[in-house]
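Before any questions on binding or motion, here is one chain by itself as structure tokens, the form predicted alone.
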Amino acid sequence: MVRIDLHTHSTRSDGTDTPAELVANAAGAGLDVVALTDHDATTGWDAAVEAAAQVDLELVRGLEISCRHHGAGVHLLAYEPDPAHPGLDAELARVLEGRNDRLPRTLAKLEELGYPVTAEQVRAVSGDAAATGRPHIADAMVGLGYVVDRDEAFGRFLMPGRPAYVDRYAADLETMIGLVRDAGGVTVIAHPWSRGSRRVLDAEAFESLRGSGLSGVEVDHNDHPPERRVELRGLARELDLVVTGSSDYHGTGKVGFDLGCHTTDPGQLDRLRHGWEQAARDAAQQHRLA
């Protein structure tokens, strides 16, 4: 049986495994296919591709893009886009800039609350990440003894509505779906009915997003209880959207999200693969006509 996990993170965003370690751990977990989907960045792709060749594992190159839809945050998984596409590259740079710009404002709020953290302490744990984000601040707070883990840091300080939360730029969801398609990739909404995004992702919204080029929906995810998975799977069937299942693995940064804890059916991956191959042909055709 082919085992496929299409949502994982490395140290290039907020995971704790390097890209090569993640691939090795995926092979050790019995996976045949794994997607590296770091937040808003593709900088781990080359190392992951090289590592996958060493262990005979198929790597799907992807990323998880921070988007906004009708005022709510939505995460978009993008698979096999050309990272050099000018429009996609520019928008991802803007999203990453928003991540980095948030750091000093968040640290100022924490200091006001009596929990001083320096930018140097945060960067010491963010390492080679493409941008410094809230998980890295949380890890620094753990190291300083302010909290016991990331969950406590987010629950008490860093999530929306908490005293140290700072908003940042996120890409428009429909615009990003189009940019990924134009760059030869395909898109899947990540954990759509978690973290408050369900209010903007009802059946009508999914139908509209499908019309904009959305390919699929991540159904089997730890943040979705069984009854939501049943409902989402039925909705995907009605709209002929690809259904995926994934771990959302972050290494030790996210307990209980083990590699392969949820997987994608091989037939669904085949549908995605057909989609990105067609999108790549369309992008090449557009380039020739330009």
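All residue numbers are counted from 1 along the displayed sequence. Keep in mind the model is a prediction, meaning the values are calculated, not measured.
Not on display, but discussed next: the form predicted together with a small molecule.
Within 4.5 Å, heavy atoms only: does residue 111 come near the small molecule in the predicted bound form? So residue 111 does not count as contacting the small molecule.
Quick check on residue 253: any heavy atom within 4.5 Å of the small molecule in the predicted bound form? Taking the distances in the predicted bound form, the answer for residue 253 is yes, it comes within 4.5 Å of the small molecule.
If we define contact as a non-hydrogen atom of the residue within 4.5 angstroms of the partner, is residue 151 a contact of the small molecule in the predicted bound form? Because a heavy atom of residue 151 falls inside 4.5 Å of the small molecule in the predicted bound form, the answer is yes.
If you check in the predicted bound form, is residue 181 within 4.5 Å of the small molecule, heavy atoms only? Close contact is absent here: in the predicted bound form, residue 181 is far from the small molecule, nothing within 4.5 Å, heavy atoms only.
Have a look at 172-180, 79-87, 197-205, 127-135 and name the one stretch with heavy atoms inside 4.5 Å of the small molecule in the predicted bound form. Residues of 127-135 come within 4.5 Å of the partner.
One residue of 229, 262, 39, 69 in contact with the small molecule, assessed in the predicted bound form (non-hydrogen atom, 4.5 angstroms): Of the candidates 229, 262, 39, 69, 39 is the one lying within 4.5 Å of the small molecule in the predicted bound form.
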